[in-house]
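In the block that follows, a single chain appears as structure tokens, in the form predicted on its own.
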């Protein structure tokens, strides 16, 4: 229950002024999905108004490039009715008063949209009440303009700074009666707002985890077995201790949890260069275990064998798919594959830790600090209350920093070394000790009737398991598109045992499933002789809400009308079908529903005679509800997601051989270069639905839209990634 007591508390700030603290149950997020939450967890936000009128708003969530440090304070500032230029933003530390301090799942907007606006509105009402008491006037006769309360009848006004101390002593208003602004009157929400940290970023000023420096700090590296979970047998640490600048070198005996502290050797030195040079002279004997027999080539061969049989698990069955194929006039079969991927954050994993007197202070660029704190406490055998975590801006996350292995490593090394340390991974560490986006194998079969309608569809999805359960982020739900829209449909899965660690990557599951399904649907459209836009709209049918199957991950359902809306919008903005394209140039369409956002994208690409790919332009159309909170950041997020997907499609894959990741740097896993980045034109379809998040849903359509554009340009169908592995030359 979102009651007044739990929602808003006021107190005097140090030195006078007003401090607002909001406590928001996560049931508010569940309500936006149309379902109840089994647990209500608090979330806090703070507003400080000093007597001099200075306004500080605390950003509670980790910032890793998604713009949350600006967006959440915008919600509060709007309803508080202050000028954005007068607001200072302060990054919160991990604090039990701020539950759900996490960057992931594109949840920040749906969780906070209404509650944080109410925080600001309640504060505004308290300031009005303070002014009304000062003037002995009815509060209903008072209004606000940015930073001040006005009494129109007498022409009097008082600044928030003048009212703050008195306002903090007044009762908290009843939330049921706190009026929110009409969106038509917004002065901050909906206005393009520049990221306050951009000047520091582009001028290279220290602000990321890798930049942290504390007094007495040493530098650390940590060598683990490249076969994940390998156990340490012995090393030459005694010789390493004698090398220049080395302050400590010691063996670490860890556990089996790949998210926690593992076996390895730590080297601590006066500089990172000295530590890493010493590391290169390590001689370590490992017990690599049975994982050393796993390889990507074996996975592919196993998937092909499994595809020849029946699925081990039936995920969904509608109608009679075999009867549907029997009645179809054309049946198409195709196998699709996407590889393991590394997150390749531009900033490698790092953490600074200082252990002393049974307590540890940590500076971490983490997306999810609370589990990291718990992990450190359990590993070091100390109380969680003895841990202080400062959230430092992360140079990219994309899901990798939801895990906190680097945090517990730094804390352990600091404890043993007896000094503050900055642990910094190399790029090779980062790629070879990631929690990878799982690979996947899809064996599709589609049936078309005489009119080109899709009447039957099946997918045998071969994916991975860990310890008998589907591996992290390797599953597929029963509501995967186009389920619920095809009369005869069957989704099945078979599992390959895996020992390498996997985890969420930007748009988890959807980033791979979108490529496979949207590419095959495009293939079916061409087989039916249909324009892909018309084929998509025919599958979607009339506007309606299709409920999700019951289950722990059931969401708000799928709105066919909203998806049709963004498809039509992107077709219009891209001039779909209206331009005669030169030879070797094609346009591809893809669309996807992910993290509550509906997105459709068109990619225009050119393939030269030698097979070189140029992505000419991308058009993005999205529906994330009734309000774009910060249009400038929203455009940047959509552009970044599309480019992220294109980069992954063009040149990224991780292969496993002998239980080890083969790739180790940007010479083999190719991030998108600036010269490859096309212009991305973004359009939003504003609809009468609660606002939702934007960090992830624009990514999944980019990969299949590019693959479909290449088919339109060359006639060659792309059924596996990355594109760099395909010969697209005209002589091929």
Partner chain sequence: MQYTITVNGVPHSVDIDGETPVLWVLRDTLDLKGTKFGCGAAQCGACTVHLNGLPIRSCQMPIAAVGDAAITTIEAIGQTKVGQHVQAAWIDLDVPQCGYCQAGQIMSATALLTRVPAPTDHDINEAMSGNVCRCATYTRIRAAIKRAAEAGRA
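Because the structure is predicted, anything quoted here is derived from the model rather than measured. Positions refer to the first chain, counted from 1.
Another form exists, predicted in complex with its partner chain; not displayed. Remarks below refer to it.
Asks: Name the residue from 396, 477, 556, 260 that puts a heavy atom within 4.5 Å of its partner chain in the predicted bound form.
Replies: It is 396.
Asks: Quick one: from 164, 620, 344, 221, grab the residue that has a heavy atom within 4.5 Å of its partner chain in the predicted bound form.
Replies: If I apply the 4.5 Å criterion carefully, the residue I get is 344.
Asks: Based on heavy atom distances of at most 4.5 Å to its partner chain in the predicted bound form, which listed stretch, 133 to 141, 245 to 253, 265 to 273, 439 to 447, is the contact stretch?
Replies: Every other range fails; the passing one is 265 to 273.
Asks: Residue 610 versus its partner chain, in the predicted bound form: is there a non-hydrogen atom within 4.5 Å?
Replies: No, no contact at 4.5 Å.
Asks: Taking heavy atoms and a 4.5 Å cut-off, does residue 510 contact its partner chain in the predicted bound form?
Replies: Residue 510 lies outside the contact set for its partner chain.
Asks: So in the predicted bound form, does any heavy atom of residue 307 sit within 4.5 Å of its partner chain?
Replies: Heavy-atom contact with its partner chain at 4.5 Å: absent for residue 307.
Asks: Verify the contact flag for residue 51: yes if a non-hydrogen atom of it lies within 4.5 Å of a non-hydrogen atom of its partner chain in the predicted bound form, no if not.
Replies: Residue 51: no contact with its partner chain in the predicted bound form.
Asks: With the partner left out here, which residues of 172 to 207 have a non-hydrogen atom within 4.5 Å of its partner chain in the predicted bound form?
Replies: If the 4.5 Å heavy-atom criterion is applied to its partner chain in the predicted bound form, 172 to 207 yields 193, 194, 195, 198, 199, 201, 202, 203, 204, 206.
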